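Take a look at the structure tokens below, where one protein chain is shown in two forms, each on its own, as structure 1 and structure 2.
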Structure 1
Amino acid sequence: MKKRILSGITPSGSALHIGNYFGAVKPQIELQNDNETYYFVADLHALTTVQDKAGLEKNITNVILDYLALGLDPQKCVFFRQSDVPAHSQMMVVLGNYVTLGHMQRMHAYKDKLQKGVTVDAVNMGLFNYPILMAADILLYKPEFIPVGEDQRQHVEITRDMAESFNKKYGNVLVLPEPMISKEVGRIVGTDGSRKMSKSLGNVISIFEDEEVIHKQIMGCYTDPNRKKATDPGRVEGNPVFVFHDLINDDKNEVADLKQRYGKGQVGDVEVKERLFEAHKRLFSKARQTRKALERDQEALRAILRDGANKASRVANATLEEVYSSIGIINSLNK
């Protein structure tokens, strides 16, 4: 039987790179194939850090284009913007009454701010209440599983706590979700060969940047520092270029051949990197074309989001009506 799964996508503004894709985006999208999936762009959550109209619109648009281009299929899932379903904000107001101040003060996002030297007076309420809105996002759809990284487990746990507190008073209205902890492909190493791939560190291989930029990123990859010339035997194990080949290159025979020749000193770094660039073009060519086409067709994007919001609203509003009826907001005066 299909499982109901809900997944939120934060419009952070960072351009996607292969570390994002293989570590999170690809497994996230693949869930749509065998499950009943709801994906939403968490634009209300983004307000905690992005308070610039143009910047927010750009971030939202980019994340929608990226996910659709990379294979998120509105025919297989429900894809919508959080802000297009008012029930999220309405449910948040209710759930705030089923969690304590002490519980909220123990949440990681809030504690991290304080540990970084931010004073209590400088923490905005959007950040402080973030876990309540996230709980509303989840509980409205009664999902069985929430795919999250280990660092987000606490958010699912506090969601379960709020649901349990509510259900103790009003019966089994809300479903307690289970965290689906992602088994990361690994902290994919960056092109510098030492740190996790990260835009802020400048050690990434992009997906949708101009090909000239991507070629430069690949050609700048760290390889084997002990290899002085192409005829020296090279180290394959742990070599970032071959890590990327294993992820990207669909021609496994070519990868095996390159590894064998590299280990014997029969192929140079430049050829190995050029082959990686060609493999990157093959893998992401369709996605890059799709993204450009969608970027030119704003009405198609709006239609996808409208349809998704309508489908999501039917489910979310039904849950909100149950909740309102249970607590007495819906009563003899407004039935």
Structure 2
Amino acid sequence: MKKRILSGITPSGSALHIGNYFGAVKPQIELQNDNETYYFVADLHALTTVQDKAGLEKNITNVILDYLALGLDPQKCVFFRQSDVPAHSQMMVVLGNYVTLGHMQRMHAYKDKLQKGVTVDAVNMGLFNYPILMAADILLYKPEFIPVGEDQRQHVEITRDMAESFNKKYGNVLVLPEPMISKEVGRIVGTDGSRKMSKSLGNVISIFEDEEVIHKQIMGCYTDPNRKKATDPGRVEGNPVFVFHDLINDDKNEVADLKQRYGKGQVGDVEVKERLFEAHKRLFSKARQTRKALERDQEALRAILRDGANKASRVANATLEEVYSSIGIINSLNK
């Protein structure tokens, strides 16, 4: 049975990293084969942090190219830009009435800011309202599943709460979505070895950056701090370099051999990292070529986004119309 599935990426950084890829994009690509899938670039969400015109334009283009190059197939999924479907913004205005200020104040992204010492005067309303726009993104398409990383779980939960509160008043109009989060790859650790890999923390391994940049990211990766020399037995368990090997390296014999030698003090960190860099090049070389080709064909890119926007709008507007009718807003959309 085909399931309806939806997910998105915010173009808040310059490009995708392997946390995005293994935690979200790869599962999303696998799902597009046997399901009805909607994937989009959440350009309006990026405004919470990116407020320079050139920077935002560049980020959006990059994420569109990255997403497609990694394997999103616009023949199989509906691929679009959030701002191309105005229903997202319209639905957000409605949904804000079915969630309380208290609930919004308990959201992690907001609370984390305050905990880091940021004052309420420095938190813009776009950031505070972020979960409402995300709920609008989701509920318009009535998806059953939302494939995302662990950091998005709370956003899907508050979306369910909004839908439930709406449905209680108006009947079963909205569908309550389920988060689809992998236990194994739902939270990929960063190169610092402790925190989640994240654009804003600068602890990423990129996918499409220049090779020198990726080499530097890999060589700077945290390993076993107790190991002074290559002949000291090293710790494999929990070592981020081996976490990345397990994810990236298609040569499983090499990974097993490196782990064994590392544990016995028979291989240096530099060699383990160089092998990781080679594996990264192998895994993403095809995507890099695809990305270059896409970049050259701007007209094809525009056509993909136009087509995606049309298909997404049809679904989104139908739900918006139903929502307006349910709440008593009778206008030119539904009359």
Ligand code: TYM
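All values reported here derive from a predicted model rather than from experimental measurement. Along the sequence of structure 1, residues get numbers from 1 upward. The term rigid core refers to the most C-alpha atoms you can superpose between the two forms while keeping them within 1.5 Å.
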{"property": "Of structures 1 and 2, the one that is the form predicted on its own", "result": "1"}
{"property": "Shift of D210 between structure 1 and structure 2 at or above 2 Å (CA, core fit)", "result": "yes"}
{"property": "Cα displacement of L283 between structure 1 and structure 2 reaching 2 Å, rigid core superposed", "result": "yes"}
{"property": "Per-residue C-alpha change between structure 1 and structure 2, H245, threshold 2 Å, rigid core fit", "result": "yes"}
{"property": "Core superposition result - C-alpha of A15, shift between structure 1 and structure 2, Å", "result": "3.4"}
{"property": "Cα shift between structure 1 and structure 2 at C221, which is computed once both forms share a superposed rigid core (Å)", "result": "8.2"}
